[in-house]
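Before any questions on binding or motion, here is one chain by itself as structure tokens, the form predicted alone.
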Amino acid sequence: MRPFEYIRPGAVGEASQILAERGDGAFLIGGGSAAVVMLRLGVVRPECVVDLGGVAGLRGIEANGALRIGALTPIRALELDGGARSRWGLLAEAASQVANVRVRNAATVGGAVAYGEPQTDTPTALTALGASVRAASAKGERAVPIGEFYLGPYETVLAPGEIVVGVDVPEPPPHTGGAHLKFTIGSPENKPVANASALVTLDPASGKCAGARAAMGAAGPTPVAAQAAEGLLGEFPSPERIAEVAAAAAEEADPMEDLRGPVWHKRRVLKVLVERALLCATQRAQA
């Protein structure tokens, strides 16, 4: 690891200005769970490291209508937050499945989003929940729907000097259940072969599906929102119908062959995960 300049700004505007001025020579870190490893391995060789840890106001969770999460909020805090667990259980469940407790205490929500790795859990859940990413620079702040935030693996729409400062998640309607599942090879701490998040809203009078969403991770270069989930709208979410929807969702995926398996295997895994997530979400909505 070659020497670099270490800068710890005290405000978002200051950090943004440094990033804009230094360009590719600057490397931004939040919790550092992934960034420090990349520095040690020499994957990145920056001229300066900009540490967001000194920026006030980027930590915390507010559950008031929408769920508002600061970028530097540890994933472990999201996992344990009472408001998130009660009304955004899908997201808290996904957070609980990230690596291990040690990593979750260091890794941040904003870092997981900004990193752009397609095999992590929280971006998949945020996609199913229709979240928005708040990005700020010296020019101001903007909100980007998470479905428009990712361009490819480790590639986002962030402009030079722009920083993820938070995530906003709309509150699911009443009678909504959610579930997040993943499949790994070996230890559960390993990166998943695939993961899936599902959200189902039921009409309490008829028992029919009033809303359904599903998203898949490690299913393509970015999290994949499964349009097939809309096939449940207006229907009774029976196990047979859910199986059909899950099979169609798996066909929407675009997984890549790697050490975790060939494409055909990943599609089978995705089909099972989406089916089980939708069944679990339906049962939770009924409860």
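Every value quoted in this text rests on a predicted model; they were computed, and no experiment measured them. Start at 1 and count along the sequence shown; that's the residue number.
Below, we turn to the form predicted in complex with a small molecule, even though it does not appear here.
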Quiz item: Contact between Q97 and the small molecule in the model of the complex at 4.5 Å, heavy atoms?
Solution: yes
Quiz item: Would G31 sit within 4.5 Å of the small molecule in the model of the complex, counting heavy atoms only?
Solution: yes
Exercise. Examine C48 and determine whether its closest non-hydrogen atom to the small molecule in the model of the complex is within 4.5 angstroms.
Key: no
Quiz prompt | Heavy atom of K182 within 4.5 Å of the small molecule in the model of the complex | solution = yes
Quiz item: Looking at A114, A77, L202, V169, which is the one with a non-hydrogen atom within 4.5 Å of the small molecule in the model of the complex?
Solution: A114
Quiz prompt | Selected contact from I146, A210, I163, A84, since only one has a non-hydrogen atom within 4.5 angstroms of the small molecule in the model of the complex | solution = I163
Quiz item: So which stretch, 169 to 177, 84 to 92, 138 to 146, 184 to 192, is the one near the small molecule in the model of the complex (non-hydrogen atoms, 4.5 Å)?
Solution: 184 to 192
